[in-house]
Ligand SMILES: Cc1ncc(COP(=O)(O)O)c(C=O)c1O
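There is one chain below, alone, in C-alpha cells, taken in the form predicted alone.
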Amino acid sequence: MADSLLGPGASATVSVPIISLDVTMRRYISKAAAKSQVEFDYDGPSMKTSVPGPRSQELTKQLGDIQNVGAVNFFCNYEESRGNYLVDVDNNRMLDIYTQISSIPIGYNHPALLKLMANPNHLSTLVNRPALGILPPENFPDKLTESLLSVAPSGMTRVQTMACGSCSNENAYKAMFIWYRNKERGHSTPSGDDLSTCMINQAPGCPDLSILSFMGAFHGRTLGCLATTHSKAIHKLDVPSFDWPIAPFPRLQYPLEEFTKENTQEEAHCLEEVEDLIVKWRQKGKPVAGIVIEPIQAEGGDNHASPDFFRSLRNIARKHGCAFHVDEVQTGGGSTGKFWAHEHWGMDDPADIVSFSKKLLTGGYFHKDELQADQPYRIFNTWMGDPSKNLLLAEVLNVIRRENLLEEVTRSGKALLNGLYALQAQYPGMLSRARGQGTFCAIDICDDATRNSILLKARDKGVLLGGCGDRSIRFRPALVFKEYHVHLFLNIFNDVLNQHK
C-alpha cells in the first residue's frame, strides 16, 4: 500500500520517494522535503481558533436576525482562500476536502480564472445577465460549443442550460414527460381537451405519469425533484409529493472481491424490482415515463453499483419505453477520474438525458434530439443559466486539459483510497467500507455520533470534510488535490482517529 503513495513534496515530474508506514500507523514517513505541488496553494493548515471562531459567531448571530442559520458552519474569507485551502473570517486556514459540497473544480482563486475575470473584454458578460431564452448574446453559440459541448456525453449534441442542479433535474423531468406524451399521441399537437384540462390540473392535459427513482437518491429540493429524493427525512417533511415508484438501490458488501456472489445477487434483485415496479405502475394507470439515477448516490451515503447494473438498467428503460436520466450533478466534472462518472460503464449510448451542475459552475442537461422541447416556453425561465459561468467553465476545461488533471485525480484517488484502507485496518472497530472512484471517496464510521465528532475534531485540526448517509464521511476535493495533499490529510485524520480509540 505505502509504495503507491507519493510523499510530501513529491512532484509528478520527479522520481517517487521511498515511503514507509510505521507500525502504529501514526505517520506516513517520506524522505522527500515537504513542498506543495500547487503554485497558488498554501503549505498546510493553520489554525488560530476553534471553529467557528469569535468573528464567525458574531456574524452568525447577525445573520440569524435575518435568516435561519441552523446550517451555517462558519463565515469565510474567500479573498484569502487559495487552491485547496479555505480561510475563514477568524484567519483559520483549512485543507478543504469538501469544496462547497463538491462544487469547486480547480481550487480557490485559481490564477487562470482571476486573469480571465480581470480581462476588460469580459466586463459586459459579468454585468449584464440576459434572459437567455429570448435575448441571448452574440457569442452564446460559440461559448456553448467551447465549453459544455466540448465535454458532451457520448451520443449527445444538444444541451439546455439552467442555473442549478435542482432546476436542471426539474426541467429534465418535464422534458421526459413531454417526450412521453408526444410519443403516446403519435404527434406533438395537443387536443382541445388537453389544453383545457391542464389549466385545472386534471387529466388528460396533466397526465398521471411517473418517474422511477431509487431509495437513497438525492436529486434536489424543488417539488418534482423532492418526489425522487429519498436520502433524509428533513428534506421531504411536510411537503406534498407524488405517488411515484421507488426502487431499492443495491447495498453492496465490502470488500467487493470477497462478496462477488452476494453483490451480483443483490443487483439482480434490485433490477427485478425495477421491472416489477414499472409493470405495477402501468397497471395503476401511472406509467413510468422516465428512470432517474445517480452513478454514485452521493448525499444518500456514497452508494456504488457495478457497471453491469447500470448497463442492465439502461436496457430495462429501453425495453419499457422509459427515458433514462443520469443525474451527474455531483459526480460530473472529473472527480471520479473521468469527466463523467457514467463513462466508467463503457457504453456508447449511456443515457437519454444527463444533468449537471456543481463543478461545471452552471446547471443544465444534455439530451438526445428526441427530447428537445417541441414548442417555445415549455422548457423556460428568466435566466436559463448565466453566460458568465460558461465563460469561467471554458477556462476551467482549459486548465483541466493543460494540467492533465483527470490523470492527477486518478493518482490522488488511488493514494487516498489506499490510505483509507490502511486506516480501516488500523481502526477496524471505527472504520469500514472504504470505497471510491478517483477522489470521489467515502468511508463509514461506526455510528452517527462518532462520525459527527470526527468531522468537528478534523475541522479544528484544519481539515474540512463532509458527511453523507447515516454514518459516512465523504471526500470531495478539488481536481488540484495532489498526492501531497492526500499525505497531509492522512496524517491529520489519523491523529483524530487515534484520539477516539
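Note that residue numbering follows the sequence shown and begins at 1. Just so it is clear, the model here is predicted, and its values are computed rather than measured.
The discussion below concerns the form predicted in complex with the named molecule, not included here.
- The contact residue chosen from 160, 303, 166, 99 relative to the named molecule in the predicted complex is 166, the criterion being a non-hydrogen atom within 4.5 angstroms.
- Out of the listed residues 218, 249, 179, 108, 218 is the one that sits within 4.5 Å of the named molecule in the predicted complex by at least one heavy atom.
- Taking the partner from the other structure, the named molecule in the predicted complex has no heavy atom within 4.5 Å of any heavy atom of residue 352.
- By the criterion of a heavy atom within 4.5 Å, residue 299 is counted among the residues contacting the named molecule in the predicted complex.
- Although the partner is absent from this view, residue 367 stays clear of the named molecule in the predicted complex, with no non-hydrogen atom inside 4.5 angstroms.
- Contact check for residue 358: a non-hydrogen atom falls within 4.5 Å of the named molecule in the predicted complex.
- With the named molecule omitted here, the record of contacts in the predicted complex names 327-335 of 265-273, 327-335, 312-320, 131-139, defined by a heavy atom within 4.5 Å.
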